[in-house]
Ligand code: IPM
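What follows is a single chain, given as structure tokens, in the form predicted on its own.
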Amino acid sequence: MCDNTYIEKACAQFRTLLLEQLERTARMEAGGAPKDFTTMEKITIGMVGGDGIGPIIMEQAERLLRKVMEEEISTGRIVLKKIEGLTIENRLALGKAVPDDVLAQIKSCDVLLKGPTTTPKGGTLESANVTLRRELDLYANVRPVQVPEEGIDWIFYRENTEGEYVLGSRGVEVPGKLSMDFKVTTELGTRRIAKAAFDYAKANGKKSVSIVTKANIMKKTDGNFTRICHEVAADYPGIEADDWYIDIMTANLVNKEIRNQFQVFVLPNLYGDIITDEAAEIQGGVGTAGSANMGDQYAMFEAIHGSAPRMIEEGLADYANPSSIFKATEMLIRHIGFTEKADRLAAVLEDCNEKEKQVVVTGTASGATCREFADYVMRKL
């Protein structure tokens, strides 16, 4: 096939993608009011096991959730709904990142507690997480990181539905010559993630929000992201908005002289994905950090680590650390309005992970099992 034919096909594909993104923008503009959990008679929590170590850590997360929310579950205010089928085997067999029947079950819930899912390297099967973020419009990925003894109290607001990921599997290619992927930044998408970050800062007495981009190079996408964030910042007097490039910020987070000066971060999708893993490692490893994916109508809470196929292969799955999914459980409880219960669980998790450390999960047979750590947490409750 001649180059001109590839160019024509690429132009046609780009036109399709551009129209789709403009339609998505129109849907955002027409969106409804955010869901108010405090007025709801029943809250349905979908429980998704996922792949690899996912079902193992999720089994303990369900035990924990049932204990903390025992009264609300017994009265029917909270309903736990187990959702099957979001496994790599089923997704590959159907050729769907999220099978239609599974998505329908998920959309019948209000919030989701989810184990990690596997995304194959190469091929065309999209990440289940990317698909769910798009389908449920979960535009804010929120990841807190704390190291109290160093004065670190960070929270990251990562834009979750745009950037490089929204079209990551739909680029164009001239075989043997070049490949191109696309990055998307919308006015409304950026404005709402910026507002979420500044709202959090205002509500929690924070004095600074760090805008992290590569706007000196990505002048259209990151340049607009920075501009819009500063426009939003103008509505929040008393909160400083400072600009950082992503490469410098990754260095700042390992600089012990200055890193405790940062508070709230807002940043595009890809940069947020990378830097929050770095931040979690500073906290104690990706197994210790939870993640919230929030939109106006749905929310999804999960561990930030992957499905750990190595642990499965080596027969160490039972030694997986449930701390990340436990933190996600605490974030879910807080999101649906049960602040006191969330505070109590957060305090217990801090005792177990940072202070007492009577039961320690190492990810190897020399440490505690996932269930043993869960038992420890529930005894403390």
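Heads up: residue numbers just count along the shown sequence, starting at 1. The structure presented is a predicted model; accordingly, all values stated were derived computationally and were not measured.
The same protein has a further form, the form predicted in complex with this ligand, not shown here; the description that follows concerns it.
Spot the stretch among 76-84, 302-310, 220-228, 254-262 with residues whose non-hydrogen atoms come within 4.5 Å of this ligand in the model of the complex. Partner-contacting stretch among the options: 302-310.
Of these, Arg133, Arg192, Lys214, Arg91, which has a heavy atom no more than 4.5 Å from this ligand in the model of the complex? When this ligand is considered in the model of the complex, the option within 4.5 Å is Arg133.
Could you work out which of Gln105, Ser127, Gln297, Ser208 is the residue within 4.5 angstroms of this ligand in the model of the complex, going by heavy atoms? Among Gln105, Ser127, Gln297, Ser208, a heavy atom within 4.5 Å of this ligand in the model of the complex occurs only for Ser127.
Can you work out whether this ligand is within 4.5 angstroms of a heavy atom in all three of Thr119, Arg143 and Tyr165 in the model of the complex? Spot residues vs this ligand: full contact, yes.
Asp273, heavy atom within 4.5 angstroms of this ligand in the model of the complex: Output for Asp273 is yes: heavy atoms within 4.5 Å of this ligand.
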